[in-house]
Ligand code: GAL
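Given next, in structure tokens, is a single chain: the form predicted alone.
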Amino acid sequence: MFNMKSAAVAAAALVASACVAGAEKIEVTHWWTSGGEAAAVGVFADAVNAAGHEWVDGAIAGGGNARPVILSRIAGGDPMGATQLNTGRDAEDLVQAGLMTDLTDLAEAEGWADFIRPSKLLDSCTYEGRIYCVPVNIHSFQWMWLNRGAYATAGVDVPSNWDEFVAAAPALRDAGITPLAVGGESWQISGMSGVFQVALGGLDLYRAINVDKSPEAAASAEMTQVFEAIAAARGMVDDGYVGRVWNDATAMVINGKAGAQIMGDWAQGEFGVAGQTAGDEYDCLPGLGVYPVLDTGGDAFYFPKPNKNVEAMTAAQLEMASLLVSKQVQVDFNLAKGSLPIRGDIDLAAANACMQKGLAILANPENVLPSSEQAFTGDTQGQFEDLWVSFFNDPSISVEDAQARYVEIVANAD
């Protein structure tokens, strides 16, 4: 049986070593640069600084830009003190190469397995029975965000599902409002496509492709409907979407220039910074109002093995890891970020209506799906992204041709 008293003593001993070692400057790399993200990362920075260390911010705008820089620095012998990556297989090669600090003793002492949920989050940080990262939130792409005022201006009801959204689109167009705000970065279009897959294709289709990697499911009529819906969505965007960053697309919804955006729950942080309230100025539809599910992606922190001042920096890394999963830090960070906490034992009474929807979905394990970062290697994810971007940007690519390429990728996925 897990002994909480002895665990607490052991955990205290582990993090106390950091205090003995003294204050450390911890360079932290991440790609949280939007308004809502900056507010959230400030929670972590404040906690680290309050513990006597110094958070040295190493923000790099855009995950697509940041990830290769982060991974190459670690592999090249220039490690930062800590880095954000997605929960999943981003750092798999570096872990296998022995370049990440082992957090297992701390995790066992503090009982992470007892409060981190769903368990697959910690599983994604585990290699050969050892833990090498700490999940800090649960993010899901499975959301649509809608401006209530835009629909009032257009004289139609706020949609409660995808079909109603499609039906309302002409009224928004007539009112000079873009129906669907989209950012043209590859990860945005790929993520949006994944939302269509489960919202229109259903849970069985999503699991067959993302868990079983079934070429038959990829070639199914249900998946054809997904491609057809994405083709239809191409006609609901404005001409300026190419290259637009995600938070600028969110701003279009916040300002009433667009009716809706399909984007992960991190978009909610932008609504918060703008002073808007769920249920008043904006609404949210998990699973496009069709299948209210969540894919449990998110963010995790890794701690590359230091190559100088090793003992003191390792101790500081352990203390930071402990802080990131502590109860109050989890509450404050996730309320600012718009994400769901990785702890199931904290009070989120202050959570808004959309976060409460997410918590209710998360309470049912049947509604929890693996994210693409957890299901596929970086190479396979890149092939999917290339396909979705080409298909969305080029109307001359037929549904049949795009789906044939999709089947090929799934058949060879790893």
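Everything quoted here is computed from the prediction, not taken from an experiment. The first residue of the sequence shown is number 1, and the count goes up from there.
There is another form of this protein, the form predicted in complex with beta-D-galactopyranose (GAL), and it is not shown here; the text below is about that form.
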Phe376, Trp31, Trp388, Phe44 - the one with a heavy atom within 4.5 Å of beta-D-galactopyranose (GAL) in the model of the complex: Trp31
May I ask you to choose, among Pro304, Gly298, Pro341, Gly201, the residue with a heavy atom within 4.5 Å of beta-D-galactopyranose (GAL) in the model of the complex? Gly298
Quick one: which of 32-40, 377-385, 348-356, 45-53 gets within 4.5 Å of beta-D-galactopyranose (GAL) in the model of the complex, going by heavy atoms? 32-40
Are any of the heavy atoms in Trp246 no more than 4.5 Å from a heavy atom of beta-D-galactopyranose (GAL) in the model of the complex? yes
With the cut-off set at 4.5 Å between non-hydrogen atoms, does Trp266 touch beta-D-galactopyranose (GAL) in the model of the complex? yes
So in the model of the complex, does any heavy atom of Trp187 sit within 4.5 Å of beta-D-galactopyranose (GAL)? yes
Can you check whether Thr101 is within 4.5 Å of beta-D-galactopyranose (GAL) in the model of the complex, heavy atom basis? no
Residue by residue through 130-161, tell me which have a non-hydrogen atom within 4.5 angstroms of beta-D-galactopyranose (GAL) in the model of the complex. His139
